[in-house]
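First, one chain by itself: the form predicted on its own, in structure tokens.
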Amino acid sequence: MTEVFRVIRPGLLTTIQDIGRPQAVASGVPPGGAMDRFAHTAANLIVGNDRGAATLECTLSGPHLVAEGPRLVAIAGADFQPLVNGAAAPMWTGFFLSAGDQLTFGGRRAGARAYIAVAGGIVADRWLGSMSTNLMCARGGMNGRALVAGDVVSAGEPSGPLVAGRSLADGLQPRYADRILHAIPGPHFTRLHVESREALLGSTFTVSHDSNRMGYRLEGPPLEAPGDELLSFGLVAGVVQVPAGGQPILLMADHQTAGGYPMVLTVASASIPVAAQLAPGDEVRFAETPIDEALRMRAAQRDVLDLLIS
């Protein structure tokens, strides 16, 4: 394990994330992990890491980091204008930092979450098999919290030769700007009144400022889903629930593991990266998508990531 970054400024919310704790869901522990799994995985593969290695997830703004030694890094996801010693650094591309180099960010241009991968993978506190930061439980990552000034971030040793310049072409990156989430009707879709079904699939919703890694509250036309009270049932990221107030909630990485609100949609896994890049105030729409098409989209994303392994 080697020290790789010293934190000068942490950014708004920078945490250590990997692929989370799916094996602990049955015990009531939120799965957690990177919100945008595509960007997280791409950044790791670009620097030669395993797909599940830990990265830094930066929310809405980037940190100011100083390299403690030479290391290959990659930044993927949201565009916060990365800079190395004040000069523009590439996105979705591996590049080297030398000891003393300053990695900063000029400001948010697009997206909500950027991922910084380091060859060898970030090394941090492990809880229930994962280094992902769970802020509610204060476990995992950097002592269960976001990064603060003065922290030192460490990484493991790279497993192979370090090669700069590996990149993911623009045309293969997620189309974050579309803000259309492909979704499959959920088991309680037909509880919605006909007018509410039409509103759900035909209206534009706005991500509320009362949103976080657990889920997004969506502001738009109120939906009505009458019927008998439901027993709690298992949940997954991407589920759209409708509570009594009628404003839908889109569950994200740190979602609760069970709940009893009607589940009217499930966002296709291939659209979760787009959802992960939404910020409060952004508009979003849902597009009904057949399961076969959702599976095809997921396979296409996997094929794109496989291109980075060779």
Partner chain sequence: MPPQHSTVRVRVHPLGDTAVLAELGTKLDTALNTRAIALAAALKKRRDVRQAVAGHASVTVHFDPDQITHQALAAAINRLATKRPPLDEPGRLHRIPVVYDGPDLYAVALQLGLSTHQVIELHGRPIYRVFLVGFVPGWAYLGPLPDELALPRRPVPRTQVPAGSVAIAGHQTGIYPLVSPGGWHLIGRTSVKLFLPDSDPPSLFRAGDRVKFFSVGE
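Please read all numbers here as calculations on a predicted model, not as lab measurements. Numbering follows the first chain given and starts at 1.
Omitted here: the form predicted in complex with the partner chain. The next part is about that form.
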property: Sole residue of 176, 95, 92, 127 within 4.5 Å of the partner chain in the predicted complex, by heavy atom; result: 127
property: Sole residue of 279, 284, 29, 67 within 4.5 Å of the partner chain in the predicted complex, by heavy atom; result: 29
property: Residues 52, 146 and 253 all lining the partner chain in the predicted complex, heavy atom within 4.5 Å; result: no
property: Option from 192-200, 230-238, 100-108, 69-77 whose residues, in the predicted complex, bring a heavy atom within 4.5 Å of the partner chain; result: 230-238
property: Contact label in the predicted complex: residue 19 to the partner chain, heavy atom within 4.5 Å; result: no
property: 4.5 angstroms heavy atom contact with the partner chain in the predicted complex for residue 13; result: no
property: Distance check, residue 185 to the partner chain in the predicted complex, heavy atom within 4.5 Å; result: yes
property: 4.5 Å heavy atom contact, residue 266 to the partner chain in the predicted complex; result: yes
property: Stretch 119-144 - residues with a heavy atom within 4.5 Å of the partner chain in the predicted complex; result: 127, 128, 136, 137, 139
